[in-house]
Ligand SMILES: Cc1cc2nc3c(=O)[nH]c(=O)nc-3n(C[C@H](O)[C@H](O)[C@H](O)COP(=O)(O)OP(=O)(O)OC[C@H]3O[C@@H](n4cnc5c(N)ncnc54)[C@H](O)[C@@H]3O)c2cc1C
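The chain below stands alone, shown as structure tokens; this is the form predicted alone.
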Amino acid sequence: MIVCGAGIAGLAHACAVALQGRRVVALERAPELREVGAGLQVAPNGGRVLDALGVHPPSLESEAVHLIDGPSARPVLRMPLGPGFRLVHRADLIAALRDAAVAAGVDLRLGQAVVGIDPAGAVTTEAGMLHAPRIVGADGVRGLARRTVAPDHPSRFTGQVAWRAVVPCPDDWPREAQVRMGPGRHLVIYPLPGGRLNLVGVEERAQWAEEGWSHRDDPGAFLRAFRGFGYVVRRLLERVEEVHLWGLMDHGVTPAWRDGAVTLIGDAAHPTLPFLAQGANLALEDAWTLARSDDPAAWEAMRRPRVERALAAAAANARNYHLGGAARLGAHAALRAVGAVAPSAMGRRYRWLYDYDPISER
């Protein structure tokens, strides 16, 4: 088997296949595995895959998702989380997956850019051609595998951009994912191991911004976008020294995940907007379940309904976080009423997502 791409999906899949005693070559164009400093939230559905792989990066347990009104800093709804929700630095997860994959026997080849993919079962790199009965495309939304399988699939700019930064974490910061909501924007804040605080800010705007996490921006622009939020937020953003900005594109679910020997997983198959914290989790689900499947067509048929439901839920969150005017006041009042009576009720809406066990899926 050949895996194109050594991100979360690619490394997890390569590791899962190698643990079955099968030969895997994983190709990565980068000369070393590095990630832009950023955090991610691992939910129980993704965490079950990490546990099955024996991958345990440094993490913090997330105790709740806390919705807060951004301008007033007034709490709206705090939803307690059960066990299994982890806050992880992406670089730590990549490093742990890499070590597990290599220990399992994966032939990881860095600095090997894929320049051609033949659905008949061949991959061409700058070093030569490789053949395999199965090729897994885990090289992301802009990767060659996706362009090979779905060359004409369009995307659209959502009218939203996102900033991502990490700052030192105050000693008394709670172990929770805070979503500070305001008209046309929201800010997600949560702690990471090593005394760091992850910040992801999303703003609605008409001006297009380039897709991709590695584009640097002015920290002052990040601060100005949230200058109407409370004092705590402004103080955190004043500490940002390096920030990255990217435009959020709606790619939808790729209409076909397979062509001949090639099967797409992770962002190559279903790029996920960051409004439900499920991009990495869905990638881990893909990685494990495809490794256990002898029939990629049946696997795609099994996976597609769940993925489409998750993407729809993420899109709904984006709308709800950015309400303004009377709609915002009414929605926040309703959520406060729910929180006063049954604070866990809203979280139960996502049991279909978090309670899923990919390890038992066949």
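Fair warning: this is a prediction, and the values are worked out from it, not measured in the lab. Numbering starts at 1 and runs along the sequence shown.
The same protein has a further form, the form predicted together with the named molecule, not shown here; the description that follows concerns it.
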Item to check | Complete contact of Arg90, Arg164 and Ala277 with the named molecule in the predicted complex (any heavy atom, 4.5 Å) | outcome: yes
Checklist entry - Only one of 168-176, 235-243, 221-229, 135-143 gets a heavy atom within 4.5 Å of the named molecule in the predicted complex; which is it? => result 135-143
Checklist entry - Considering Ala96, Leu248, Val102, Ala150, which brings a non-hydrogen atom within 4.5 Å of the named molecule in the predicted complex? => result Leu248
Item to check | Contact residue in the predicted complex, chosen from Val114, Val106, Val262, Leu187 - any heavy atom within 4.5 Å of the named molecule | outcome: Val114
Checklist entry - Would Gly7 show up as a contact with the named molecule in the predicted complex if we use heavy atoms at 4.5 Å? => result yes
Next on the checklist: Is it the case that Gln41, even though its partner is missing from this view, gets within 4.5 Å of the named molecule in the predicted complex, heavy atoms only?
Outcome noted: yes
Item to check | 4.5 Å heavy atom contact, Arg29 to the named molecule in the predicted complex | outcome: yes
Next on the checklist: in the predicted complex, does Asp267 come within 4.5 Å of the named molecule, counting heavy atoms only?
Outcome noted: yes
